[in-house]
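Given next, in structure tokens, is a single chain: the form predicted alone.
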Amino acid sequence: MLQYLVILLAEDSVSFCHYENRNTGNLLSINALKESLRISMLENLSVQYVFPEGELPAEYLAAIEVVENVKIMPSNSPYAEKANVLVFNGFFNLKSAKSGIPYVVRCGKDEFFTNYEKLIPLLEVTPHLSVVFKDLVKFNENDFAQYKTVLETFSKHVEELYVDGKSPQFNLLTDRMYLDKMRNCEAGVKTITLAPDGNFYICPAFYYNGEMPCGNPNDGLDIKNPQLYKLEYAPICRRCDAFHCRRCVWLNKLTTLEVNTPSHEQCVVSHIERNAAKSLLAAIRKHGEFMPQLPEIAEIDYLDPFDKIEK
């Protein structure tokens, strides 16, 4: 059952995930915006606006406040002081980040390996830090090894903060510690996107990469084979315990041609993070009782579930 409506206010609305946006600047029509808000109220959907870098007409600014909402904005937005989530493309301007709201840092893997230490100070000023790789599907075996080493470095800093009485939240490390079941993106199941062309799409990536729409505000949703987006129809993922994995259906389709089948790269990266979370939780608990209700994370002998199945 749908719970969230993501509204891209313009073609150049900031990307907050693996996909790239477009820089045309074309706006979602005001009529489509108003109609989508009507639907959100009828269906009791939570609205998430994705802002472009530039200014919006006054009519748009008035319309978006008709319903309660979450505002996802680029770090250089003229409205950044009103953001609920700030997105940084790369490692520029991180020092100007406003404290007290979640940050998303989008970067390439090589950029991450070179600059990751710049993220450490953010762990103390944001309630949740997320790193999203623009080129996740390009990770190779050397990258996997380096990624494991980098997460070990982060883990030491996060451990110190927890021991100091703080609770930093970092998607690459701590998200898995707090979960006992899958909590993925769920695009096409709980979330749908309204794109600047006035149509619905499974997620922004499906729009920007030329996939067919799945309905519009006037005619409603028409998702083909909707069961394929659900966890119970993903034979690998439903048995996996990398509960924090985004299970990105767009990356799945891009790499395996099946929305319910993940790529090798997505699986391995998620399991490296899972194992790092296991080690971090054990390290924190050496300093005393820490959230005993959190279950232990089991030991595993694989990084890609497909390898386990083949054995």
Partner chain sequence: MNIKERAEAWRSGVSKNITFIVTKDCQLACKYCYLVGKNINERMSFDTAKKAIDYILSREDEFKEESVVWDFIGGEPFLEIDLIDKVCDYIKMETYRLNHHWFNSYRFSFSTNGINYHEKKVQDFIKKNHDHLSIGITIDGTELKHDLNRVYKNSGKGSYKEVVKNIPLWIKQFPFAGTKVTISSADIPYIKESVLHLYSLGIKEVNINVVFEDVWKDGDDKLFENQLIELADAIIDGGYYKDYACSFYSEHIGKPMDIKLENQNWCGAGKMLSVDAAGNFYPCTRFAQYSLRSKKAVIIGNIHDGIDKNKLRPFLTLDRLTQSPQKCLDCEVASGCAWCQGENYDAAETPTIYQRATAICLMHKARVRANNYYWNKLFRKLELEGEREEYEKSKHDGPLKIC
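Positions refer to the first chain, counted from 1. What you see is a predicted model, and the numbers here were worked out from it, not measured in a lab.
In what follows, reference is made to the form predicted in complex with the partner chain, a form of this protein that is not presented.
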Is every one of R38, L56 and E65 within 4.5 Å of the partner chain in the predicted bound form, counting heavy atoms? no
| Is there a non-hydrogen atom of Y4 within 4.5 angstroms of a non-hydrogen atom of the partner chain in the predicted bound form? | no
May I ask you to check whether F144 falls inside a 4.5 Å heavy atom distance of the partner chain in the predicted bound form? no
With the cut-off set at 4.5 Å between non-hydrogen atoms, does E273 touch the partner chain in the predicted bound form? no
Is the gap between L94 and the partner chain in the predicted bound form 4.5 Å or less for some heavy atom pair?
no
Assert contact residue (the partner chain, in the predicted bound form, non-hydrogen atom within 4.5 Å, options N84, S99, T114, N225) equals N225
Of K166, K156, R238, K118, the only residue with a heavy atom within 4.5 Å of the partner chain in the predicted bound form is R238
For the partner chain in the predicted bound form, the stretch among 26-34, 66-74, 260-268, 280-288 with residues bearing a heavy atom within 4.5 Å is 260-268
